[in-house]
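A single chain comes next, written as structure tokens; it is the form predicted alone.
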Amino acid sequence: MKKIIFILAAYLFIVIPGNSQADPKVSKVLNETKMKSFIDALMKKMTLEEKLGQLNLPSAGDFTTGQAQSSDIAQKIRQGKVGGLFNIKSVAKIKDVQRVAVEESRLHIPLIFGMDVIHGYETTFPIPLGLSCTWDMQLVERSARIAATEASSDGINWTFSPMVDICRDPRWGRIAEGSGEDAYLGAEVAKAMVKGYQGNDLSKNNTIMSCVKHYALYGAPDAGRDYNTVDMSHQRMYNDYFPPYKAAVDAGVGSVMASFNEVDGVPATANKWLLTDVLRKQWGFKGFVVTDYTGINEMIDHGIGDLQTASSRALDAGIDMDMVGEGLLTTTAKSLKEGKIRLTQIDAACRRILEAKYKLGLFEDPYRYCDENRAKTEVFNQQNRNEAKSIAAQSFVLLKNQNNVLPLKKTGTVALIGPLADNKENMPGTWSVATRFENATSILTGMNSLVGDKVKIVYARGSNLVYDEQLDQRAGMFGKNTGRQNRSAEEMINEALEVSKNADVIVAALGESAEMSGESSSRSDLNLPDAQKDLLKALLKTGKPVVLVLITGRPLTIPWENENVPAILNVWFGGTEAGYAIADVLFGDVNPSGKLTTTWPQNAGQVPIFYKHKNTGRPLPEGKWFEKFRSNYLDVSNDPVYPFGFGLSYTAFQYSDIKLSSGSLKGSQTLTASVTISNTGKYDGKEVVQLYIRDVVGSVTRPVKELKGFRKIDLKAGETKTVTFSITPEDLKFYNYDLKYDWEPGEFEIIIGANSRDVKKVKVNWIK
């Protein structure tokens, strides 16, 4: 009785108008109590079939408005056999389907509607790998906030994003969807994305539920081949791959997607240690877990058993929702009868789905995301496009700028050459599901728009994407045509040379098509495609300055290009506003400030290559190319072409030596490390100052350095700023041999620099 009185008093305390002393913690408890009571009452009315229906997530195939009433899916919705749908776009279609659920089913339970809103909705931002290269978490969060606003105004309330898989192997196509190779940076991006999507209140109609994926380790497949086996130690899992997933959970992500790969010999979709012991018990995750597309069914080929066995193992492991496969819907009743699963497990999964819908406000108003007026003004509006252009420009990485070829002068003649120079459909990149390609902007359009009649822009295609016609077809799927022409390579190159004859400078727009990276787009050869490399060589022979605008979804192996091309600007896939953003950077309206979040190898034989490696007992001495009986190659140095964190500017930055507050610390004391940065060039610019730490001696071997902080600062030409990092024992912690998260006393190197290679170092001793 006392407990009831306390809750009632707290409730009155909160809801009395004008009361400014309301306790958010008490309010949260009351909201959860109210939700529990509502769902308890609802579940008492549900049949077993209806409970299993909540666990079913079919793809709608985006049927047209009006089809919902007569489709097979509609019949299942009426029968309570569908919990949500994905791949429907537009308020009209979603409203049509939701009406079936809430007006024609027995219990009127609303559906949840998901979509792969990966890097924007109709306003498309750079691919996630490019976005991470801004090193600006406010921009990352802002991109997700705009995506959530647009998607929610078009009926969507759930996104299968962010993808936070750490990847150190650029052969894997889905490296394009993640934030690179580093766990610390990946965790920061994960938090920013979740906050951007979900905001502070999921019941608001301009927020959407986030789904972090792919849990877990999906970015480390054998041979870099998608869906392949993953095998690693628990130490590496916890220290190098788990942190971004955990960061998303700590940020309050509403759902988690299980990965396709196996973990410790058990597919993630049936891995109880992964989904229950780690995710729920260790990390305290309270949301629901959804499979990836047919993830349960695919365990048959893994060798787990038939569909019933795979489904029961998935449910037992902690899966709550079955995407597309319908294994849980069709086999679980039999497994329950046979004692292979328990009713409490079904109830727990059903409850989590219902809780998600409750938090989204769908029980209060099933149509809260179906305001057609919002979509008219909030999708692909000019403000969003302006922000997308600005963010894209800040994601570009200047890799080389010999003799200050860039920025281009706004005079004379510029020859724009290449198969990707006038190809707007490929600019948004992979997983641009909601993008209207007619709204995207090509580089040619962007350059002409910026310079008008000040600069004469001449254009020629110059080559096809690749010589191999079948590869060309595979690289041009999903409406992203490569524009292949049936002309000889010689004819196309000669045309490009003729067009460039009177140009002052040549801009070569080369690289990958959008679908050369992404899901099921692994590559064994990371070189610039053959046809384009031949074109580039011909352009260089003209003796004119050449700028390589590199369009790519992954690190490429370009040591020859780095050696021979005067200027290289990597622009990833910049989104719908890419053409305008590229023009801004080429002509100096924006000074590039992106920094790589992946290491770029010299060749595929160096892969996997990453900065956070460990020393062997026979490390190659610093500055050496080769030494017998050391850890190195016969035919190539250990060095990458570009290190993690690398990126140039049109200006120059000078770093002072590091200044420490103390050379010796004890216990929980805070160390401050300061460095002074000076802009010694002629342009205003932005610099990403990076902090690394090395634990010199450990109970287990430790990396040569680990990213532990970064600051992105603005510096006007001639300006100097001091950047200070505060370091505590929390920054020294790692998972040891026993998987205990702690720090060990001893000597540490404090490392600060412009990238992981070009750094200043100082040592400090820290005791407990």
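All residue numbers refer to positions in the sequence shown, first residue = 1. What you see is a predicted model, and the numbers here were worked out from it, not measured in a lab.
Omitted from view is the form predicted in complex with ligand BGC, to which the following refers.
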- If you check 288, 611, 160, 245 against ligand BGC in the predicted bound form, which one has a heavy atom within 4.5 Å? 160
- Exactly one of 136, 534, 695, 519 has a non-hydrogen atom within 4.5 Å of ligand BGC in the predicted bound form; which residue is it? 519
- Message: With a cut-off of 4.5 Å between heavy atoms, is residue 169 one of the residues that contacts ligand BGC in the predicted bound form?
- Response: no
- Message: Given that ligand BGC is not shown alongside this chain, does residue 561 nevertheless sit within 4.5 Å of it in the predicted bound form, heavy atom to heavy atom?
- Response: no
- Item | Touches ligand BGC in the predicted bound form: residue 508 (any heavy atom, 4.5 Å) | no
- Message: Does any part of residue 197 reach within 4.5 Å of ligand BGC in the predicted bound form? Heavy atoms only, please.
- Response: no
- Item | Among 306-314, 469-477, 289-297, 625-633, the region lying within 4.5 Å of ligand BGC in the predicted bound form by heavy atom distance | 289-297
- Are 416, 461 and 569 jointly within 4.5 Å of ligand BGC in the predicted bound form, each by at least one heavy atom? no
- Going by ligand BGC in the predicted bound form, which residues of 430-447 come within 4.5 Å of it through any heavy atom? 431
